[in-house]
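Below, in structure tokens: the form predicted on its own, a single chain.
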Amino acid sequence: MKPDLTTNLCGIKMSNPVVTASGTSGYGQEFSQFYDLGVFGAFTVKSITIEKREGNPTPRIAECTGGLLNSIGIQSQGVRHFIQKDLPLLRQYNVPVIVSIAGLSVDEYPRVATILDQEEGISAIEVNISCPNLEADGCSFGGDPEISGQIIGAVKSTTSLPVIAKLTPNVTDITAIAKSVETCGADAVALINTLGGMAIDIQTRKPKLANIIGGLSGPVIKPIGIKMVWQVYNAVQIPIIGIGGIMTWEDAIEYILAGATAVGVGTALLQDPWVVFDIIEGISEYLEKNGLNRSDDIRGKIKLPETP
């Protein structure tokens, strides 16, 4: 008998544990040209804001050893454009839709959530607290446990949908942030977002990104993601979406062993949109080979060294 890959993520019923990582798959239009979006356990859209945002100047992308630097800048057509133009397409597929939201100030988050709460076809809201905070001199909301919790609490008060907090790795102690958002009502956490990075063209002596600094993703960040998922798994009770450098099914298994209930694939989809099929099949074959029926059977089950 084939393993049962169905996954329950804070009440979201998914056919498998693989979801898209916000920002890398847009709003589904591009990937729907290749295959049925229902192949994913859930589809997480690119973060949307209350009003239209142009994003950062170009160049926005720079390849580097083992990864990719990006500085898109939360480009968005705004929440009402998403509802009118993008959500109808996503409703056509049998896949839970997780809508990622971002804000330039604390009060923008609940405003976006209030609008989304009135729409059909949305399974959860991911709160991207990793974007710049213009009320705090460009720092990230997600770097402050109190502000992170404040945002999550505000969003929870305006929606009946599950709320997932997207955490930044650019902090001293990610468990402090995770505990704060859990206390304030987060139904799940997603981690990690990109790491801050920079690249320089030695010929022109100029930064490769117009914004100078960007977010590093790809396989180079996987060890950091796994470490932080393990730390958060041992610090909170809510489920985790493990993200960061997942390129193969083996990577996905590592994240599940570290404590992830679901796994988010991002940069790998830019390289090969069909990798999702390999990852899902690989998880299934691994479970079958090891006599296991569900991915829950290995979640957090690292065999730690025996202490003296």
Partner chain sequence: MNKVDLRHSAPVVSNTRICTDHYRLVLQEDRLASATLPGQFVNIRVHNREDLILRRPFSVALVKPEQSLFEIVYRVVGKGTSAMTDLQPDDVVNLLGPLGKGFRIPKKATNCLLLGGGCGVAPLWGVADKLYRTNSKMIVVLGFQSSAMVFGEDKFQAYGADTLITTDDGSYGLKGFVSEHLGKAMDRQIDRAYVCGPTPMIKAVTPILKQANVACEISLEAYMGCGFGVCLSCVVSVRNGEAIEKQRVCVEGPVFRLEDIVLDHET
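Predicted, not measured: the structure shown is a model, and the values here were computed from it. Positions refer to the first chain, counted from 1.
This next part talks about the form predicted in complex with its partner chain, which is not shown.
Residue-level contacts in the predicted bound form: of Ser105, Gln150, Gln75, Thr114, one residue has a heavy atom within 4.5 Å of its partner chain, and it is Gln75. By the criterion of a heavy atom within 4.5 Å, Ile280 is excluded from the residues contacting its partner chain in the predicted bound form. Its partner chain is not shown here, and in the predicted bound form it never comes within 4.5 Å of any heavy atom of Thr49. At the 4.5 Å threshold, heavy atoms of Gly67 reach its partner chain in the predicted bound form. Its partner chain in the predicted bound form comes within 4.5 Å of a heavy atom belonging to Thr267. Within 4.5 angstroms of its partner chain in the predicted bound form, the stretch 249-283 places a non-hydrogen atom from each of Thr267, Leu269, Leu270, Gln271, Asp272, Pro273, Trp274, taken in sequence order.
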